[in-house]
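Subsequent text provides structure tokens for two forms of one protein chain, presented individually as structure 1 and structure 2.
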Structure 1
């Protein structure tokens, strides 16, 4: 997809988002949902870049999100670091973790990367709950309950000031989306297409798979860590329950709905799925069941998601040549 088209889609999506507070700005509940849409859009996009774009089958995205969130939360609570700074530090920390995980992974093929990253995910939960976590200040089973909101020049961005907070979130989310867009469309992007198509050939041209993949790990972990930290400061509360498979699968659904590898599909996927998930809230416990079934159905029926569907319509209509 051309840069122009991508930019237009992102512009339209975020533009519509930007206008929504005019309609529902005073409905706190809906504003919360919109903010979540924006946050998850970043996570889903990062994951899409890893899996669909760079072809790295990583299952660690949620783990990095949680790492960033906890890091910033702990820094803010235990060490009284101001949130803006702690978010940045958390981002860098998560990027570091991303590199650490990436180093062994990248020598391996498909299932092994998924295994290691999923293992990180699974190992994170008991770590946070257990003694190591408590020692670091994770709050063990209880989690973190009193994360301070972002504070810029004395103005507190919390759910008390929901509309300005929304716009701040929009800005952060949009910034991340644009960074991702430029990465995809840059030389990195071409390198990855080459690597995905035929790794051996690309490497013979001097494209170092290892270097690029590690950079992707670092970048996506950085962005995910930042948005995770942001989430912590907005929501105020963190718990290890975020590591349940529930969230994991919802993110996967977002990518599948949007179209794996078809950025910016995951942004739209995130918006749609968060909205849909809220609509499904009355289903209670059956929501997760439905999510699981949805993943299965989507993988089978809609291999390229919403983006794929539209791309196909567009290419069917356009004259070939």
Structure 2
């Protein structure tokens, strides 16, 4: 997809989101859903860059999200760092952790990378609730409470001021989406795809697998950590239960619904899945079953996701010759 078309889709998606508070701004429940759509769109997009474009089967994206959230929360609570600064530090911290996780993955491929990164995911939960986590200020089994909201020029962005907070979230999410878009369409993105399609051939052309694989780990971990930290300051509380497999599974569904490797399909997938899941909450215990059935039907009907379907329709309509 061309950069122009990608920018138009992102602009339309976020433009529609920007107008929705005019209709539902006084309904707090719906505003919370919109904010969650914007937050998970970033996480799903970063994961899509890893798996869909770089071909790295990383299962550690939720772990980096939680690392960023806890890092910023601990800095703000224990060390009284202002939220804006703590969010940036959290992003740099998760980028560093991404590089550390990526280093042993350089000599691995496919399912072995998935096992290593999923191992990081599984190890993080007992670490946060254990003695090490308590010593660092994670709150142990209680989690982090009373994380201060983001404060800019004396104005507090929290759930109490839901509409201004929504627009701040929109700006942060849009900024991350644009960064991902330009990276995909830059030389970096070409290198990611080349290494994914044929690593040996790409390396023979002078593309360093070591350099670009670490870059994709660092970039996606940085953005995921930033939005994770933002999440912590928005809700004000954090729990290690965020590392349960429910969130992991839902994020995977977002990518599949949007179309793996068809950015910005992951953004559309996040909007659809989060909104659909929350609006089906009245179904209670049947929500998961209904959601699962709809996903199975959608994947069978649209194997390349919603974005893949639109791209195919566009190519079919394009004049030949």
Partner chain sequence: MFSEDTILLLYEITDVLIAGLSTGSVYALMAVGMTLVYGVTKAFNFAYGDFFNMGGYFAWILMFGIGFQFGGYVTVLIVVMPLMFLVGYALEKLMVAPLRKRADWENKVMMLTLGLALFLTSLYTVVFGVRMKSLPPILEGTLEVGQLVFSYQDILIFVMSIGGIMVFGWMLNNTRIGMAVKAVAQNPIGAKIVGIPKERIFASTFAISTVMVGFGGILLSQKWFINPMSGGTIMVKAWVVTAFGGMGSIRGGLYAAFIIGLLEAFVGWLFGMSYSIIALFILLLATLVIRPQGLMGKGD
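Positions refer to the first chain, counted from 1. Superpose the two forms; the largest set of C-alphas matching within 1.5 Å is the rigid core. No experiment lies behind these values; they were computed from the predicted model shown.
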Eyeball the pair and call it: which is the form predicted in complex with the partner chain?
-> 1
Take the rigid core as the frame of reference and indicate whether the C-alpha of residue 275 shifts by 2 Å or more between the two structures.
-> no
Note yes or no: does the Cα of residue 39 move by 2 Å or more between the two structures after the core is superposed?
-> no
Residue 256: Cα shift of 2 Å or greater between the two structures (core-aligned) = no
Core-referenced Cα shift (Å), residue 288, between the two structures = 4.2
